[in-house]
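This document opens with one chain alone, in structure tokens, the form predicted alone.
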Amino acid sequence: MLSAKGNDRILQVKEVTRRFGGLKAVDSVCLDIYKKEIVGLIGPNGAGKTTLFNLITGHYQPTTGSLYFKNEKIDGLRPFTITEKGIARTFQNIRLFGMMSVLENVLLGMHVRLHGGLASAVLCLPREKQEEQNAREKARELLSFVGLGNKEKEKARNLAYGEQRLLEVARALAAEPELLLLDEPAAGMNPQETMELMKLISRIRDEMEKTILLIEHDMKVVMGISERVAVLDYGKKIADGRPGEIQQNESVIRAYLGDSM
């Protein structure tokens, strides 16, 4: 672990286990994430990576162990509440509203930050109108940031696959997270799209000052942008270190990377 970061820890996964019947999908995992880090989470299929994401975001509850976000215990909280506290994610399988516009999809990501209630919306109060205008301006800024500034009126389903991935990132950013979880963001992208995605992830950290934890099978992406890489195998964390250290770790090579590295 990189203890030099001191008190800048934003997420602590503490001895977390998740059982499904007799299967331990996550087995006594400890993981610390520090502010403004980009951390890669890798491992073979079925290693427990997405289950860990689901635990962090409240979609699953740990069987044992605890999770802390900014030193506040979050296991037991609902996903909506965890998003409010500052954690947002994308999904391995794209979950856009295909018949809605690109802009509308991003606006949906802002719902946890909007304050106008039903009464003010029905009555079209000035505060409600101003909040809606501000939300649209911010959504357009996010679309421009991810490279979709000229696509706001298109239906989400009409976007190219790589563009849909970018839209999911924009929608997650609309929730104003401090910690952004990306679940295989490069899946299905061509090499050029992948390069642009790597630049975007770095910009999200550098320009927006976000902390990023990503699951990714593309080793060029993981090793190219991560400052630290954690490795799961059969639900257990078997390594945690800098990319160069992980590439030389014999346990990791046996479990996952193989001779291709």
Partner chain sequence: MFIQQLVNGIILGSIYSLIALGYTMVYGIIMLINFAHGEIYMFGAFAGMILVVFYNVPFFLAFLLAMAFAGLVGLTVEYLAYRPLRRSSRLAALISAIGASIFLQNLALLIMGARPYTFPSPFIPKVYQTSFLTISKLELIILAISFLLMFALTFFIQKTKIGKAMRAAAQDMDTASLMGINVNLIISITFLVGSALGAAAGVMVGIYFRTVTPMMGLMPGLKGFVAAVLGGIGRIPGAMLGGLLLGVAEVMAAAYISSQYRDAAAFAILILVLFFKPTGLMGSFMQEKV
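Quantities reported herein were computed from a predicted structural model and do not represent experimental measurements. Residue numbers count along the first chain shown, from 1.
Form predicted in complex with its partner chain: not shown, discussed below.
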Quiz item: Among 68-76, 184-192, 88-96, 138-146, which stretch has residues with heavy atoms no more than 4.5 Å from its partner chain in the predicted bound form?
Solution: 88-96
Self-check item: Contact test in the predicted bound form: residue 203 vs its partner chain, heavy atoms, 4.5 Å
Solution: no
Quiz item: Could you tell me if residue 63 has a non-hydrogen atom within 4.5 Å of its partner chain in the predicted bound form?
Solution: no
Quiz item: Within a 4.5 Å heavy atom cut-off, is residue 18 in contact with its partner chain in the predicted bound form?
Solution: yes
Quiz prompt | Close approach of residue 199 to its partner chain in the predicted bound form, 4.5 Å, heavy atom | solution = no
